[in-house]
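Next up: a single chain in structure tokens, the form predicted alone.
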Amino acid sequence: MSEATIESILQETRRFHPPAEFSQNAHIKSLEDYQHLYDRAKADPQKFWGELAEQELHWFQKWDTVLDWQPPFAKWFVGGKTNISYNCLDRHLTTWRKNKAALIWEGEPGDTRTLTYAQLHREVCQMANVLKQLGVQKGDRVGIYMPMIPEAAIAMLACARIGAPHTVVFGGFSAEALRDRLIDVQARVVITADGGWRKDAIVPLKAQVDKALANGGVPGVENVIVVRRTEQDVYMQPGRDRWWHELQQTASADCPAEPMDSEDLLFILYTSGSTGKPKGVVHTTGGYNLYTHITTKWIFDLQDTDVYWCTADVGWITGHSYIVYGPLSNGATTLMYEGAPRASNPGCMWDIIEKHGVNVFYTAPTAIRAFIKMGDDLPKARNLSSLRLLGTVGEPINPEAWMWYYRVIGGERCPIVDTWWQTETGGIMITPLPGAIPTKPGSATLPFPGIIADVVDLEGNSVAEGGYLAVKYPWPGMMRTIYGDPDRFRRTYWEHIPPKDGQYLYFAGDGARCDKDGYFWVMGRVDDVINVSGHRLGTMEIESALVSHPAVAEAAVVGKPDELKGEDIVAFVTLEGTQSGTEELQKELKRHVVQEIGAIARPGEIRFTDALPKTRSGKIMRRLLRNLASGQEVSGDTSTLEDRGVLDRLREGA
């Protein structure tokens, strides 16, 4: 990589210190406090995690061993018995939190519902008993295919309560994708809804389940539980399909939580690879509970009076960890929203913040860029003064998007926690602690205490100037394996970089850099790094340069083979409002990138498009753009693609 490029990323001069009042009231109050925690965890990780597990969670039986590490397989709190549903619900019922709002729900059409901890506990116990009545036993798999409604969280907690591992499949997936996942986990029951609301339209969930199960498509499924949400007519197969509300009416509200071994399977969640079938990421009970609990508490600085809102869907790991399990384990008030910004209500997110007095707001850079495109007037027309902390998740955030978020949404008073983590890690790994760590726009800053992260080459040597993000020591929230395929787990995550001095390295698949302050700058997936004439260019830095131009709303950059340079840079660009994609604007944008980064980063080609291919969780599918840029047929798993029409339009444009 050229010196100019490195300077453009690592010499970010803007730095934002936590406001003094925020730090004074925070769980972790200073950089010195953070450093003390970090050093203590690094010196004796097992003691660090063992003390936290004892202090922060309820255990039916204490563990014998904090960590059994047989690389690459870890077991945490071996011999300990706990239950994450108990930690999320029962233990709060003996405190003042019993009548505190546990879950605030806002439906897209405008209907709302609030459940206290006592009410949520009752509904979870009833559904747990329903599952038992249908023959579900400890260890049986339950598929959940739901809209963003309270019953989705209730179903997850009910499964966890009786020891039935759940597999939540995002409600936007096709029947085929649903079928594949249900078959892989050998599901016995599916919990769904007649439909859900999404951008003023009904998503026909029950019809998709029927299609997935048609003709014995998933032979193990004996029962389908259906929530009545949209009131549309749906086919109910006699002997198999049952209405949620009818089952709940007759179910007992008394269901003691099953004492679970710390390493008992909690859930399997599927994440797509660039090739091959989706990977079933396995998470277990005790370590995941502790890790989501403590990261939620410290990173979002949760206070008892907070209304906390993560905008993810429970179909993704962010929804599991930071809508359901992490916040409820802390006794927080967590908000769920069924809808999304749409033509009929583009300011809906800001309406909800104002209506419910949201204090902590956690969303994705993709959403932030969409908010920017909609303009400042929408948020400025609402009272957002309740906000005290902002967060981002899902991909690296462009510095200019970070600044807009800080200025327009946070009113220059709210710290921003830019978080890096993965489905596989279970929880956040690199992040600011908002009362302690100064932030730099575009940097995820420092590792969470107990996470020993590094930037290395393929031999495992530290290379701060640019390399592969790796983790050097196990942590409680880590995935345990790929369901049914331990060899793939070993190959994918532990064999890219050979053990160094007997130490195994977790390979995250992301490129990163460390600056002189030890701050991590995550550059995106390793296969999103472009090699131009021997210079390695991160796609994020070029995208950041493009997005900093006032005409650009969003950009995705990929490499395509080039005879002379090895790879050339192709940028797919969506424009702001009334801007039009002229030849002159193409030239201007190329000049702008040169000015921002250097001549080596000049895009060889800029293609204007009305939209970019994204997963249903909002991540840009750059792999598909690489296929298009190279003139190849689109290949690999496309089950997570939100709008297939985008690909067709891009092909036509090419």
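In this text, residue numbers run from 1 along the sequence as written. All of these numbers come straight from a predicted model, not from anything done at the bench. By rigid core we mean the largest C-alpha set that fits within 1.5 Å across both forms.
Omitted from view is the form predicted in complex with a small molecule, to which the following refers.
Student: If contact means any heavy atom within 4.5 Å, which of 418-426, 120-128, 216-224, 327-335 contacts the small molecule in the model of the complex?
Tutor: Flagged stretch: 418-426.
Student: Which pick from Ile294, Val314, Ile569, Val393 sits with a heavy atom within 4.5 Å of the small molecule in the model of the complex?
Tutor: The residue in contact is Val393.
Student: Please pick, from Ser252, Thr271, Asn345, Gln133, the one residue with any non-hydrogen atom lying within 4.5 angstroms of the small molecule in the model of the complex.
Tutor: Contact with the small molecule in the model of the complex is made by Thr271 alone.
Student: For the three residues Asp510, Val522 and Arg525, verify that every one has a non-hydrogen atom within 4.5 Å of the small molecule in the model of the complex; reply yes or no.
Tutor: Yes, the whole candidate spot contacts the small molecule.
Student: Heavy atoms within 4.5 Å of the small molecule in the model of the complex: does Asn531 have any?
Tutor: Within the cut-off, so yes.
Student: Under a 4.5 Å heavy atom criterion, is Thr318 part of the interface with the small molecule in the model of the complex?
Tutor: Looking in the model of the complex, residue contacts with the small molecule include Thr318, since a heavy atom lies within 4.5 Å.
Student: Could you check, with the core superposed, whether the Cα atom of Leu31 shifts 2 Å or more between the shown form and the other one?
Tutor: The answer is no; the displacement is under 2 Å.
Student: Flagged pair Gly509/Ile600: C-alpha distance shifts by 3 angstroms or more in the model of the complex. Which direction, closer or farther?
Tutor: It is closer: in the model of the complex, the C-alpha atoms of Gly509 and Ile600 lie at least 3 Å nearer than they do here.
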